[in-house]
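As a starting point, one isolated chain is supplied in structure tokens, in the form predicted on its own.
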């Protein structure tokens, strides 16, 4: 029984991600995004407070592009990560003028930060 427990622990140690998203680091990285995605009326992009769990393109106080309004998925961590990495690969035709973050750690950190903003 002990050998099985040790084997399971070793498997978990080598199959889990090397790091989880760091919300504090993500907040710093997000500062560049806040120019458009602030929390003020009239911002260029929608507020991202409470984005995790929201259906894409559904904030009533923002006029989305047609492709985003029709996307139909729920913003979960996987969708956010993919979108932050390469927005047009997730929603072709989005009008967001951002090419994405190339660094996987930056993406994970921003996702962790967004998930912490309720």
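Note that the structure is predicted; figures quoted are calculated from it, not measured. Positions refer to the first chain, counted from 1.
One more form of this protein exists, namely the form predicted together with a small molecule; it is left out here, but the text below deals with it.
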property: Triple contact flag 44, 65 and 97 to the small molecule in the model of the complex, non-hydrogen atom at 4.5 angstroms; result: yes
property: Residue 33: touches the small molecule in the model of the complex, heavy atom cutoff 4.5 angstroms; result: yes
property: The small molecule contact at residue 101 in the model of the complex, heavy atom, 4.5 Å; result: yes
property: Contact flag, residue 114 vs the small molecule in the model of the complex, heavy atom cut 4.5 Å; result: yes
property: Partner proximity in the model of the complex: residue 90 to the small molecule, non-hydrogen atom cutoff 4.5 Å; result: no
